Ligand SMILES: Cc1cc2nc3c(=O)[nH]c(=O)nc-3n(C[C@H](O)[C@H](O)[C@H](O)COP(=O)(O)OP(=O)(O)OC[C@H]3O[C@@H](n4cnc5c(N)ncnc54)[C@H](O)[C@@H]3O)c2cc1C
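Below you'll find only one chain, the form predicted alone, shown as structure tokens.
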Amino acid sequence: MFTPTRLAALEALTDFVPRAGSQYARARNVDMGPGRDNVSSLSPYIRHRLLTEREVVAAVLEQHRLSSCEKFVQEVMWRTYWKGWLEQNPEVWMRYRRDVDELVQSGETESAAYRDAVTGHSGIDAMDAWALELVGTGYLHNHTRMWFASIWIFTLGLPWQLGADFFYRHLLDGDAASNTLSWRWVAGLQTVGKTYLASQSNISRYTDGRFSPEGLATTARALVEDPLPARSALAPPEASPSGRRRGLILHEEDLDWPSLLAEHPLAGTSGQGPVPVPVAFAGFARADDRSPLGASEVVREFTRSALVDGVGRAQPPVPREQPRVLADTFASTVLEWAASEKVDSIVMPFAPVGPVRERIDSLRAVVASEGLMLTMLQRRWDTLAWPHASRGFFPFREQIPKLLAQQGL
């Protein structure tokens, strides 16, 4: 369904833009199954920034007034909001990671109820079809994800963390913020006390009668958790990197280096003359970091192929070699690569809270001990929007016109 290249992403964007206005708003909640054209299906590309949020919104606004395409723009901004919220509440991510580890270690994923749910044998025809679609394609309609999570939590009585983990291991567009926080929202944890209850009538209506599952829970009591700590302050963007031989390492969170470079020109001068843009290019992707159970083969292949595409486009027009992908033993291979390329500083796109950030945070101390500086460059889109993600989405939504204007849109 999804070819992991920027070229394919741009073709998909061009195909969708004419439908991004009132047509999208009317039909977006209907799930007619695989092959659907009433939604954009751009999320795997936006998630890895094969397409950036800014260029997607810009392309839509070129053909539609904001009042017409507002629903689609809001969907793009939801992903930005979730990331900004989690960036200010990292304890939520750390708790989720600990909970999944404990549930796996305690054998919860060996239970019959869990195995039936993830293999399409729950006995609920809709759930079983959706589980098989997710595993087979790496994608589910957004409305279906809400139904699935609700049935998982309130009808099947399974831990929400394992449902989120199941999605995260299989979704091509799965990211730490959108996935974790959406499951928490359904469970009544994100907006405290407010749950989402899937119903037979709603599912039947928005699948055009394809599914009408019986026996679903008729109540949804919100889950509870220990109080969260106070919100963390957002870290200021890091300064431009120093060094005369800079090496670029891309990762799965942001694979469009040319547009990031346009925001952070690295060429300049020093007392010894011109300072070049990166002299060496590499990338790393370890999709299995998403879960103690690893990631699906569909996710692994998409992530790795998207990375190769991103690194290939980042290199000069005539690259010296095939795109370099660093091995799983990350710290040692980064140091070997830096030494072989005579790199004195490393540049990366910013990685928000999640597995990639965990790996980069552990790398910082290692490269610093070798005299290397590591800098993450943050996009202006995030820098402007994330401070407004301190409360619920509705206050954030009120800022969307202002944020778009700040982006020149």
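Position 1 is the first residue in the sequence shown; the rest follow in order. Fair warning: this is a prediction, and the values are worked out from it, not measured in the lab.
What follows is about the form predicted together with this ligand, which we do not show.
**Prompt:** Non-hydrogen atoms within 4.5 angstroms of this ligand in the model of the complex: do Tyr139, Phe167 and Asp175 all have one?
**Reply:** Affirmative, all three are within 4.5 Å.
**Request:** Consider Arg145 of the chain shown here, and say whether it contacts this ligand in the model of the complex, taking contact as heavy atoms within 4.5 Å.
**Result:** Yes, contact at 4.5 Å.
**Asked** Do Ser182 and this ligand share at least one heavy atom pair within 4.5 Å in the model of the complex?
**Response** Yes, Ser182 is a contact residue.
**Request:** Give a yes/no on whether Tyr24 approaches this ligand to within 4.5 Å in the model of the complex, heavy atoms considered.
**Result:** Heavy-atom contact with this ligand at 4.5 Å: present for Tyr24.
**Message:** Taking any heavy atom pair closer than or equal to 4.5 Å as contact, tell me whether Arg231 reaches this ligand in the model of the complex.
**Reply:** Residue-level check for Arg231: no, no contact with this ligand.
**Contact residue in the model of the complex, chosen from Leu363, Cys69, Val39, Met376 - any heavy atom within 4.5 Å of this ligand** = Residue within 4.5 Å of the partner: Val39.
**The unique member of Trp82, Trp152, Phe281, Phe284 whose heavy atoms fall within 4.5 Å of this ligand in the model of the complex** = Of Trp82, Trp152, Phe281, Phe284, the residue with a heavy atom within 4.5 Å of this ligand in the model of the complex is Trp82.
**Prompt:** Exactly one stretch in 301 to 309, 257 to 265, 130 to 138, 73 to 81 has heavy atoms within 4.5 Å of this ligand in the model of the complex; which is it?
**Reply:** Contact criterion met by 73 to 81 only.
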